[in-house]
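Just the one chain here, laid out as structure tokens, in the form predicted on its own.
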Amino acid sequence: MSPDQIRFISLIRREVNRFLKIKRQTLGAPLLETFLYISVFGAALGSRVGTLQGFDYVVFIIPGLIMMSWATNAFANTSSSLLQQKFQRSIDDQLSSPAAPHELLLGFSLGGFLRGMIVSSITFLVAVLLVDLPVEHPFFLIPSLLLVGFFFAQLGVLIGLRSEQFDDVAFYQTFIIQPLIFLGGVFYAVTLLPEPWETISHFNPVYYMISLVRFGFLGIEAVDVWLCFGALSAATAVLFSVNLRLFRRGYKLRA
């Protein structure tokens, strides 16, 4: 194994060890939250709603919950980890190390990406044990989830770079990320909304991400999935390029 490979793996291991040291907070809490969503919305509300677009209500919402768990955990891990290292000035050691900017960026990104993947994978396994969850298009579903996870990991890096204190990260997560996810159709079909709310929902980018994942699981094609997949790929690439440029400049990283 070359020195570059060892250095890169060490960066990823550092991020993984960080969230594994506080498993109850980083893994346990999100899983409990998802379980409560399935129990409350799926069992209690589902018995009253019945079916949506031909599926039991609990089955309809699970794809959105899986995507939500990956997205929120990827965002939270990258943004908080980067801000914490800026606050403690441990980022200075990394900037002065032989690690290239793209290695540092990927190290932060993959740490959050892996945390989101672990939580969403366990959520999927629990859901499969509780309900009969179909996977209609696995070869479309997997790349879609990977893209969503990497996109939100990059978004977390961008917010972590821009933030000066932990309240800044909490603001973005509470007042922007969470509303976009909840209003993107996780717990309902957008077609059920009256106007103008149905039209407004189509301006929410998370709606298209949820539609991609729901198509992969249930086969419901609410939008042009290939167009959405291409747009998400382009947006992720642009966000990665922006973050890489900021890392190379040391934007809000250097004291």
Partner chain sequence: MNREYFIKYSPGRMPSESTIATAANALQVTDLVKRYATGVEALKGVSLEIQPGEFFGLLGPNGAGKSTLIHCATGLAQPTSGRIEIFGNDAIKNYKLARMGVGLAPQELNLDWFLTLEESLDYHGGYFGMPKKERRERTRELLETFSLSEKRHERTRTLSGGMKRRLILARALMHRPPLLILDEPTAGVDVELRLELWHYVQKINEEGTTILLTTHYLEEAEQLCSRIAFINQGEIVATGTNQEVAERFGVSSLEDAYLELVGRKELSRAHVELEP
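Positions refer to the first chain, counted from 1. Given the structure is predicted, the values throughout are model-derived calculations rather than measurements.
Missing here is the form predicted together with its partner chain; even so, the following discussion is about that form.
Open item on the list: in the predicted bound form, does every one of Thr72, Thr174 and Gly184 come within 4.5 Å of its partner chain, counting any heavy atom?
Closed with: So, no: the whole triplet misses its partner chain.
- [ ] From the candidate stretches 134 to 142, 83 to 91, 155 to 163, 115 to 123, select the single one in contact with its partner chain in the predicted bound form, where contact means a heavy atom within 4.5 Å.
- [x] Going by heavy atoms within 4.5 Å, the stretch is 83 to 91.
Open item on the list: If we define contact as a non-hydrogen atom of the residue within 4.5 angstroms of the partner, is Val242 a contact of its partner chain in the predicted bound form?
Closed with: No, Val242 is distant from the partner.
Open item on the list: Using a 4.5 angstroms cut-off on non-hydrogen atoms, would Ser97 count as touching its partner chain in the predicted bound form?
Closed with: Although its partner chain is absent here, Ser97 would touch it in the predicted bound form, with heavy atoms inside 4.5 Å.
Open item on the list: Can you work out whether Ser10 and its partner chain are in contact in the predicted bound form, taking contact to mean some heavy atom pair no more than 4.5 Å apart?
Closed with: Residue-level check for Ser10: yes, a contact with its partner chain.
TODO: Give a yes/no on whether Arg24 approaches its partner chain to within 4.5 Å in the predicted bound form, heavy atoms considered.
DONE: Arg24 lies outside the contact set for its partner chain.
- [ ] Can you tell me which bits of 1 to 20 touch its partner chain in the predicted bound form, meaning any heavy atom within 4.5 Å?
- [x] Contacts from 1 to 20: Pro3, Asp4, Ile6, Arg7, Ser10, Leu11, Arg13, Arg14, Asn17, Arg18.
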